[in-house]
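One chain is shown next in structure tokens, namely the form predicted alone.
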Amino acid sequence: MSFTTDPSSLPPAGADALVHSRRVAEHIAERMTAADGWLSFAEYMQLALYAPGLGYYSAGARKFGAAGDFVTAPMISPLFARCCARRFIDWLDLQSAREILEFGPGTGQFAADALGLLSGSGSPLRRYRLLEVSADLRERQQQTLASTASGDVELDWLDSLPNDFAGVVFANEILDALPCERFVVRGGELWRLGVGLASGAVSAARFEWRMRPANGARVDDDDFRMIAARLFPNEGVNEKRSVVTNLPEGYCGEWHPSLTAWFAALAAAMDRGTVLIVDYGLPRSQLLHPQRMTGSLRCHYRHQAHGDPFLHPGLCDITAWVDFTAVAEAAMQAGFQISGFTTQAGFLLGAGIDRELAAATTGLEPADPRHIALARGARTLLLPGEMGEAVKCMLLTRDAASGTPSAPLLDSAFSLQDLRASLWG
């Protein structure tokens, strides 16, 4: 996916799409006015992505694939799902579990490909649950899976977490779409980088960045300072109670403030099981690095990435890379064990993608378009310049019944490249 700093180079939005975007902008502007003209970026992102009936993930626009804005690993190659599915079978067996829960299943392609293995003879799986809050995506998933032979596996769509879940949880590119806070370094202190109404807007609401100190004027300033102090524990707080930093002047960065609540809710829903998280991100020391001056915020529109979250609100996806150290901290606080952390390339190679590719291309000539597509997909998943290094995989385990975190899984998919030490580097 290419990145552009010139919004005029993006494909034009249709008339109906622009009307919808104006409705989203008006809704955000109303909330902004009620909040004295300033919203945190997390609040803005929540509304732009998830406002009921309006937000990017709540309305009906096509998001995935050639007609959408981006593609994910399951859409690039069926090898991704097959590698995951083989590990799922082992993890289900290990914990005598019978269910899988997939967060945000997108098009349903991952489930369709994975069920090719998971519904086979000898598989322990009995129920595949799909947690989807978008009505149009749920409909698309049901269409995708209608022709999938699921054997004795029950398909179950949910709009909230189940109770007493035991099994495997799969979350692919979920955490990077959680609303994020943004900050900017000003005078050696961390200021909040929020959103206000742009001056001079006439026919439609337009937005712009607004900086302000976390000085207690807003009720959520304390939360901002608390998280900032945890992210930068070796730096400090001055007499004004502002978090000070040695990061360069003008440095911008992000964090996901809802990680603690997300993992607490997941832990409350789980009796025992494993969690596989796959997402773009880095350990904290690499993500919040002085050389990453502009942060990792990215917007996606028609297969082009850009950096303006105020362009066409409701029509563009907005993401920020995940701080996997924060993920590990939130997970451990909720009672999970960090049982593996590696790159996507390390995980897939450890999970046997070479064997899956060989099996899938058996009987095909190298010049066969099917062989070419499978080989090309494998390269995209593995190469450092593609998804291989940018995407990370984390394995969590939990056994609430034992009263203590479960022992780490010695899983082959994570033993090839164990990067857990980097989380605390």
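Remember, predicted model here, so these are calculated numbers, not experimental data. In this text, residue numbers run from 1 along the sequence as written.
Keep in mind that the form predicted in complex with a small molecule is not shown, yet the notes after this line are about it.
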Contact segment among 182-190, 224-232, 166-174, 268-276, judged by heavy atoms lying within 4.5 Å of the small molecule in the predicted complex: 166-174
Contact residue in the predicted complex, chosen from Glu329, Glu132, Asp113, Glu254 - any heavy atom within 4.5 Å of the small molecule: Glu132
Listed residue that, although the small molecule is not shown, lies within 4.5 Å of it in the predicted complex (heavy atoms), from Trp321, Phe103, Phe263, Trp91: Phe103
Contact check for Tyr57, Thr72 and Leu178 against the small molecule in the predicted complex, heavy atom at 4.5 Å: yes
Touches the small molecule in the predicted complex: Tyr50 (any heavy atom, 4.5 Å): yes
Contact flag, Leu137 vs the small molecule in the predicted complex, heavy atom cut 4.5 Å: yes
